[in-house]
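There is one chain below, alone, in structure tokens, taken in the form predicted on its own.
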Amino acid sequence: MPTCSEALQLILDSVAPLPARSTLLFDALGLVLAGTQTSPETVPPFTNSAMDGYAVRADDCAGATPASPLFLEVLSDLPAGSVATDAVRPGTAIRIMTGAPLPAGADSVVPVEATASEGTRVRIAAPVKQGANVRLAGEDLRAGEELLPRGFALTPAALGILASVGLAEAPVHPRPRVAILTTGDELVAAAARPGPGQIRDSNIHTMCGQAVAFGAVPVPFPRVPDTREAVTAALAKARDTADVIVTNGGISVGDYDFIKAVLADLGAREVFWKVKQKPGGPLGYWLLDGKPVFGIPGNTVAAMVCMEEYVRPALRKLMGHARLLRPETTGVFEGSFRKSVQDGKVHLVRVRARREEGRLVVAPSGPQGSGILSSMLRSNALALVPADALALKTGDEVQVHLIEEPEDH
């Protein structure tokens, strides 16, 4: 039975980024580049106006003051998307819109609000610095320069950069498709009224929600009945349609727990079964035709903790991310926690973390039963009580995983 860190390492060692595919920019936000992107073009492609105003020669405006303004003859109007047919000559100007190419002869733009139109002339009441309000060709990007490195997770600005040089697609590692199978004859849909001995299936919603939050594509399966035939059919279909399989429940050794046996029948290689932790100890991990299979226990908090601690890092590696793990730090415990027995397991305690006087303070977010989802709702961190510790008290230092912060390693 591996420790938490050993189990995580076994998982990460078994997965690699999914093969790259060319993806439209509209679908690429957050995805990781599979190759370095260089610019095929210069941006801006031509020198243009940064403002609505008048394209002028700066020398023509020298000495202009409110008391002694200068007047320039306006040759024409130049909207964005057009090219001037006139050149700016001494004593003339062209009315220009933002983004329009700077006409020949002009070297500056006077903002429209600093001018006054008087018939066919424009009134200039202040000098303008040469090059003012002009965007030079190539001042943003130059052809051949590196835009984005391999491994970069695409942001909105990055999508705009690629689009600006004519790259409408990018080679990225795709979002993994995650088949999520909940098992158990006692489960009913959220909208159903449970009968005797039945409960609503909340796990399918928490786990699919986590998969989306992790950047993956959840593929929820209909609830799987507790029969060997149903489990076999569901796992075979998941193998054929998804990149990752996550099962929930049916992972123990009871008479109606078929996940392990069916995976063996299908030829899956067991990497480990059970981890020295609580909640989530009955976690199993297999490779089925090279695809990761997570067997997650059915208790709702255990399921969420296992998704956070193990499935999330694996999915991020499949997507090509370099940073796989949430921030880990040391916090000062506030309150009390005690294991029922000295069980040799790391206990992951749901806590609320806050900064106070330059230190991180963590306090339990509620009762710690593995089926109490409300304390998971109120938590923003997990405190890891060491395997050799029996209890925590106020003032004790404890390792903390900040589960609402972005990965940093």
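Residues carry their position along the shown sequence, with the first being 1. Just so it is clear, the structure is predicted and the values come from calculations on it, not from any experiment.
The same protein also exists as the form predicted in complex with adenosine monophosphate; that form is not shown, yet it is the one meant from here on.
Heavy atoms within 4.5 Å of adenosine monophosphate in the predicted complex are found in one stretch of 157-165, 241-249, 171-179, 270-278, which is 241-249. Residue contact with adenosine monophosphate in the predicted complex: K237 places no heavy atom within 4.5 Å of it. Contact annotation: E186 falls within 4.5 Å of adenosine monophosphate in the predicted complex, judged by heavy atom distances.
Looking at Q210, you'd find every heavy atom of it more than 4.5 angstroms from adenosine monophosphate in the predicted complex. Not displayed here, adenosine monophosphate is kept clear of P103 by more than 4.5 Å at the level of heavy atoms in the predicted complex. In terms of contact with adenosine monophosphate in the predicted complex, the residue from T329, S336, S202, S76 that brings a heavy atom within 4.5 Å is S202. Of all the residues from 286-302, those having a non-hydrogen atom no more than 4.5 Å from adenosine monophosphate in the predicted complex are P297, G298, N299, T300.
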